[in-house]
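The chain below stands alone and is given in structure tokens; this is the form predicted on its own.
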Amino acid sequence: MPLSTPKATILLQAAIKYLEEELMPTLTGYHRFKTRVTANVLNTVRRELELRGAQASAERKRLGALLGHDGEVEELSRELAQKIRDGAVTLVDPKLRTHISQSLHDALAINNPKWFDR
């Protein structure tokens, strides 16, 4: 991709800024609510673009360590779920608990980082 093309995250941030700072103050009721929802969706997409690559790489490493081999995140996650169902990996396994905790943290960082402030 040419370097002159703005990054998607910068374009999203500009759209969000317009919605939140210029459009929303002029709206009331239903349209203000829908604009807030739209800005929240765009913020979620922006955070996913910014964070998901590094998160997926770390998740892949954690899953590889748990299962003893490499693979794609989705395949490894399915395999881990099956091993949990079969009882081959127990829910009290410290490595599993660390993996689940980090995965939830990563999901919240994208979906609703305000939960970290509570």
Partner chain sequence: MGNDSTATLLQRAIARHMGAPGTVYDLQQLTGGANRTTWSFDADVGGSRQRLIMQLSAAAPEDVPHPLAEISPHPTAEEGAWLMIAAVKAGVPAPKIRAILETSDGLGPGYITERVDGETLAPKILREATFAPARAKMTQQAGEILARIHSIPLSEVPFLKGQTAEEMIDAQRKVVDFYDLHLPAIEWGLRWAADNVPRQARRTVVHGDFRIGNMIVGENDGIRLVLDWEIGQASDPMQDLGWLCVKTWRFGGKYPVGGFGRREDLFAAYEKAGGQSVDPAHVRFWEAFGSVKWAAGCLRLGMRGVEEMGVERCAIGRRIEEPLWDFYELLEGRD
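Numbering follows the first chain given and starts at 1. Because the structure is a prediction, the values reported are computed rather than measured.
Omitted here: the form predicted together with its partner chain. The next part is about that form.
Proximity to its partner chain in the predicted complex, taken as a non-hydrogen atom within 4.5 angstroms, holds for one residue of V89, A56, A65, L27, which is V89. Under a 4.5 angstroms non-hydrogen atom cutoff, its partner chain in the predicted complex has A107 among its neighbouring residues. Its partner chain in the predicted complex is approached by I84, whose closest heavy atom lies within 4.5 angstroms of it. Remark: E48 counts among the residues lining its partner chain in the predicted complex, judged by a heavy atom distance of 4.5 Å or less. Interface membership of L11, defined by any non-hydrogen atom within 4.5 Å of its partner chain in the predicted complex, is ruled out. Shown here without its partner chain, the chain has V37, T38, V41, T44, E48 in 37 to 51 lying with a heavy atom within 4.5 Å of that partner in the predicted complex.
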